[in-house]
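Form predicted alone, single chain, as structure tokens, below.
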């Protein structure tokens, strides 16, 4: 068949509307702003892991849909989340990515969150405990009891991850939101405390949904030499992409043959509790978070959309908190040889989405992105993407294949 002229190139594919999306959903600024407002400000977002706040008064700062957030462990050992914004003049309170409030800062007292602008102070429950020159400035018109930080819905769940929701009245509870999808790994993740042993982040010139897409299908494993060598067998191709409510997908398990790759060996000795040796599960959560347990190491990807064509991805590697020094070294080696910044797989995935981002930059001509493969919902099927974009359409009230049109419910992914 000859190459296409412009008219042929733009013609609709001979597929159902649910089997392709319009590339504008990856590049349009208006759509991006709606995603922040309609999805990221209303869904449960895993922002960090409890092991990153090991002691009372430890904190981490993050951002959700451009809103600055601070997560802190109180003296009662409770982890809470607040907007990282002083109610006085809207100043950001804490600029460090992480640290401790146990010791005082140049502008504040120990055990207090202090806004450096005018020295207003808050305790670990978000209560305002000090206003500089309170009586002199406000007389009796306003006092510290009248103000405080904006508290956020916050829960620690599913292996110790800290989840935050900017919406005071979420559509569903965290348990209902993610519990069924996590069921396949829950015993392994909650058997004993976990601990982050690796962290790095990347800012990628691609839409955040493209990172989701490459995580929820394994058709692209032809790009991964390591996966071809250690995994391409009947059990590998039989793995299922199982769809769950709220747009989530779970990729089923099989046994990875690490010893078939030169320099690698079985990871059975450090398998997570209740996980059969060398097994591999992946949970891909809407709107783009990923949890990946591969034998001896657990990986979590948290996406923060920065622009239609830019996303920050935070990668965490986790092991068991009780690991000996030798076990931890082995887990780190296992994790980083696959998923570290110079590992076998991760950089290849990033090349894929970066290449897509290059062709779908804002202003690029709209085109159709296909997701019409059907292989009985196994891992080379693209049902995970079809399921995801159906959920995206609900939240956005836009049809993914025709984003200027309102979303209309169609038949289920399984029925297609």
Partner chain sequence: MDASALVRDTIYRSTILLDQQRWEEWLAHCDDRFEYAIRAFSPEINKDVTYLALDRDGLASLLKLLPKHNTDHSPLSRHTSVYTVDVDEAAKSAKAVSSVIVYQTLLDGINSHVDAGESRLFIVGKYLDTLKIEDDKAKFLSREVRIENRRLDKGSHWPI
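What you are looking at is a predicted structure, and each value in this text was computed from that prediction instead of being measured. Residue numbers count along the first chain shown, from 1.
There is also a form predicted together with the partner chain; it is not shown, and the following applies to it.
Novice: Just one of 112, 157, 80, 198 has a heavy atom within 4.5 angstroms of the partner chain in the model of the complex, so which one?
Specialist: Spelling it out, the residue with a heavy atom inside the cut-off is 198.
Novice: Identify, from the list 142, 202, 91, 307, the residue with a heavy atom within 4.5 Å of the partner chain in the model of the complex.
Specialist: Partner contact (heavy atom, 4.5 Å) among the options: 202.
Novice: So in the model of the complex, does any heavy atom of residue 38 sit within 4.5 Å of the partner chain?
Specialist: No.
Novice: Could you tell me if residue 173 has a non-hydrogen atom within 4.5 Å of the partner chain in the model of the complex?
Specialist: Residue 173 lies outside the contact set for the partner chain.
Novice: Taking 4.5 angstroms as the cut-off for heavy atoms, does residue 344 touch the partner chain in the model of the complex?
Specialist: Yes, residue 344 sits close enough to the partner chain in the model of the complex that at least one of its heavy atoms falls within 4.5 Å.
Novice: For residue 60, is any heavy atom within 4.5 Å of the partner chain in the model of the complex, or not?
Specialist: Contact check for residue 60: yes, within 4.5 Å of the partner chain in the model of the complex.
Novice: Tell me which of 248-256, 278-286, 161-169, 332-340 has residues with heavy atoms within 4.5 angstroms of the partner chain in the model of the complex?
Specialist: Of the options, only 332-340 has residues within 4.5 Å of the partner.
Novice: Give, in sequence order, every residue of 348-368 that has a heavy atom within 4.5 Å of the partner chain in the model of the complex, or say none if there are no such residues.
Specialist: If the 4.5 Å heavy-atom criterion is applied to the partner chain in the model of the complex, 348-368 yields 348, 350, 351, 354, 358.
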